[in-house]
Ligand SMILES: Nc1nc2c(c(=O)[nH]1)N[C@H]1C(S)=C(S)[C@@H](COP(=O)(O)O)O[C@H]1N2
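Quick setup: one chain, the form predicted on its own, written in structure tokens, and binding and motion questions come after.
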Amino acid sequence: MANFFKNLFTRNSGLTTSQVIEKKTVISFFFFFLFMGGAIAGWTWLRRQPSDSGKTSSPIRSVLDVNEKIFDGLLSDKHLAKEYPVSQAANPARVNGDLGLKTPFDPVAWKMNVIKASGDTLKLNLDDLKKLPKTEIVFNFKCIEGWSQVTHWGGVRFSAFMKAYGLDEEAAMKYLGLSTPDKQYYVGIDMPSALHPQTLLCYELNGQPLPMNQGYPLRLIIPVKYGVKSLKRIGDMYFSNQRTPDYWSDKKGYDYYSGL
């Protein structure tokens, strides 16, 4: 066996063309099976590692945490998602899921409950939001399912909303939490991303009121993250210095940050 490996990795001088080809074929198969063995051993080791509550193994969770720190460090008000002319926006826009939208809903009775740090709750309707300056954005909405689409949204900047309602103490906290009225879907967002200038409390799509399947009457649009963070039909809004619950991170082990 020792002589076999010695001959295998020595120079090809003195060998015929067919012998050289045979030798290279053997070497190729050797490294292929070596790689496959390492990959299988690595996968087996990974599967045996303890998992967190989101069913993600500790090594993978460590990588996701490092990614979050990198993206968080790069985020700034100057880090803007690319914007497009309105003429490039899709109409109708594609829907990226219906979690939290299946429960019977009375739009007339809808209010957004903003739970302040003091425990007091602001109850706001759509007219309250429409009194604030309107902002529009056309950007490439990206879904974790693997598709993207240029879409046109209108609403109020989240940062402007926070300022208008005197939510300075809440804006200084680390995380924002949002949930649908039926509590079936919820997201957690780091506050710097929530306060990003392109983040909207959105009530229009393509210049019209949001369709029901797009989160009427009010949803979040956050272009610096994947679409799973753009919660449809906001019911409750709350704030914390601890990570707020996030559906895909808590239940499926997805990246909490979900930055682009």
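All residue numbers are counted from 1 along the displayed sequence. This one's a predicted model, so the numbers in the text were calculated from it and none came from an experiment.
Omitted from view is the form predicted in complex with the ligand, to which the following refers.
K.L.:
Can all three of A194, K225 and Y256 be found with a heavy atom no more than 4.5 Å from the ligand in the model of the complex?
P.N.:
No: none of A194, K225 and Y256 comes within 4.5 Å of the ligand in the model of the complex.
K.L.:
For the interface check, one of 87 to 95, 104 to 112, 122 to 130, 160 to 168 should have non-hydrogen atoms within 4.5 Å of the ligand in the model of the complex; which one?
P.N.:
So the stretch in question is 87 to 95.
K.L.:
May I ask you to check whether L99 falls inside a 4.5 Å heavy atom distance of the ligand in the model of the complex?
P.N.:
Taking the distances in the model of the complex, the answer for L99 is yes, it comes within 4.5 Å of the ligand.
K.L.:
Although the partner isn't part of this model, could you tell me whether C143 comes within 4.5 Å of the ligand in the model of the complex, counting any heavy atom of the residue?
P.N.:
It does: once the ligand is placed as it appears in the model of the complex, C143 has a heavy atom within 4.5 Å of it.
K.L.:
Check whether L231 has any heavy atom within 4.5 Å of a heavy atom of the ligand in the model of the complex, and answer yes or no.
P.N.:
Yes, L231 is a contact residue.
K.L.:
Since only the chain is shown here, I'm wondering whether F139 would be in contact with the ligand in the model of the complex (any heavy atom pair within 4.5 Å).
P.N.:
Looking in the model of the complex, residue contacts with the ligand do not include F139, since no heavy atom lies within 4.5 Å.
K.L.:
For a quick check, can you give me the residues of 177 to 194 that have a heavy atom within 4.5 Å of the ligand in the model of the complex?
P.N.:
T180, Y185, in sequence order.
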